[in-house]
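Read on for two forms of one protein chain; each stands alone as structure tokens, with the labels structure 1 and structure 2.
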Structure 1
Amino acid sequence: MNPQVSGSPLWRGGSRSLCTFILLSMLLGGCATKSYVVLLPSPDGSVGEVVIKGEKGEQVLNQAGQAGSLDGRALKIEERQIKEDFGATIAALPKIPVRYLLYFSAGTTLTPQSESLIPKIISEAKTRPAVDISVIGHTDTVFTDPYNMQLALKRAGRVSELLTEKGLKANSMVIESHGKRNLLIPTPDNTWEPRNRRVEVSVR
């Protein structure tokens, strides 16, 4: 025991109230540690950031394995505890979605390389329970907004047709058009850019 503390009036005169205090803080501490966040690396290996804002302050977590209590304090959690608290949750995590990019030589004609992705998309879809698909059409910035909304929709429609023809069975398939409003390669207006003339297929 620290002699400075043991010699203090608090320790001698109020041992009972100190015990209550220690017990209380253990209880409070125990409760607080049961509500917490742990940062993990993303499936691609990168580590992002989580910011916790609570009544005790703000915590920024940006290191893999870093933890914080939900009231905003830093926290040390042992791996054993994390496994105990989250084992079943982690085991239930669905397969991470994949996204394919298909490019067009002209109009709604896919490049041969992109067309060869169609069977790959279908076999990936088969590995997933109740697979959901989004087919999203895009254009480059040549021509007007309404024209490109239509063209991108036609591209997405064409890819969806191909997927269905080749035997894709999905729980849901949504076709969307982003026209020239969601460029892969940022360009000024009226710029010819083959990499922006694409359809994205999200397999979930």
Structure 2
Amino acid sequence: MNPQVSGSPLWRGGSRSLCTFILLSMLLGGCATKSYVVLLPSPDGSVGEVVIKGEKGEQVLNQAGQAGSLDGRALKIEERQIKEDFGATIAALPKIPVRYLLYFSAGTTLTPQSESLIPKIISEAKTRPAVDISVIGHTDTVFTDPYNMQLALKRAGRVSELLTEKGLKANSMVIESHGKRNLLIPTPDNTWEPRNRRVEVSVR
């Protein structure tokens, strides 16, 4: 019987990518009797699920650190061994994107708490070898569509200026306006909602 390894729809966030890389590295690295699969959590702590079917049975891996051989047997693999076998693969994985929400008290004035995030965004960007930034401006539903599109663009522009002034180095920076589309908090028209007055910064 040929061994089978499959993932369930429970994959979430970065765990699918991480597990897929590990499966490939072991499947390509040796024969089925010496290869194994181990389930690791995504950076946010969530864990997916892997089902291994082979001539020795079936194993469902759904907890971080669980492992199984490709012939369907359960295995207990020490953390030291996992690092030795998969350290290079894990280190080579791209970092997952990080998103920041910056809020405005009015117009293009950031709240003090949101302005304090600027150094954190720059620090995160410095951890990536080739960083791409997207800056998307939003408004609440007060005023007209054309007005809000312009206001959201000004907000995104203001944040991009602050990032650049504080020393951000990026391969590319995309600035967009969504106006009052894509509300964080759904509201009717002409509703004052501070959480919708925001800029979303994604670091990739």
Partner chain sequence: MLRIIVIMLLFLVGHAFGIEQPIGHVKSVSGEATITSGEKKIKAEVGSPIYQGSILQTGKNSAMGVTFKDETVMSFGADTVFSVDEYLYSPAQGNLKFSSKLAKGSLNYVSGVIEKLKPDAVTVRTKSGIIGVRGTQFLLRVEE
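Rigid core here is just the name for the largest C-alpha set that superposes within 1.5 Å across the two forms. Residue numbering: sequential along structure 1, first residue numbered 1. Quick caveat, the model's predicted, so the values are computed rather than measured.
Between the two renderings of this chain, the form predicted on its own is found in structure 2; structure 1 comes from elsewhere.
Fitting the two forms on the rigid core leaves the C-alpha of S172 displaced by under 2 angstroms between structure 1 and structure 2. Shown in the overlay between structure 1 and structure 2, fitted on the rigid core, is a CA shift at Q66 of 2 Å or greater. Fitting C-alpha atoms of each rigid part between structure 1 and structure 2 shows the smaller part swung round by 45° relative to the larger. Superposing the rigid core and comparing between structure 1 and structure 2 gives a CA shift of 2.8 Å at L93.
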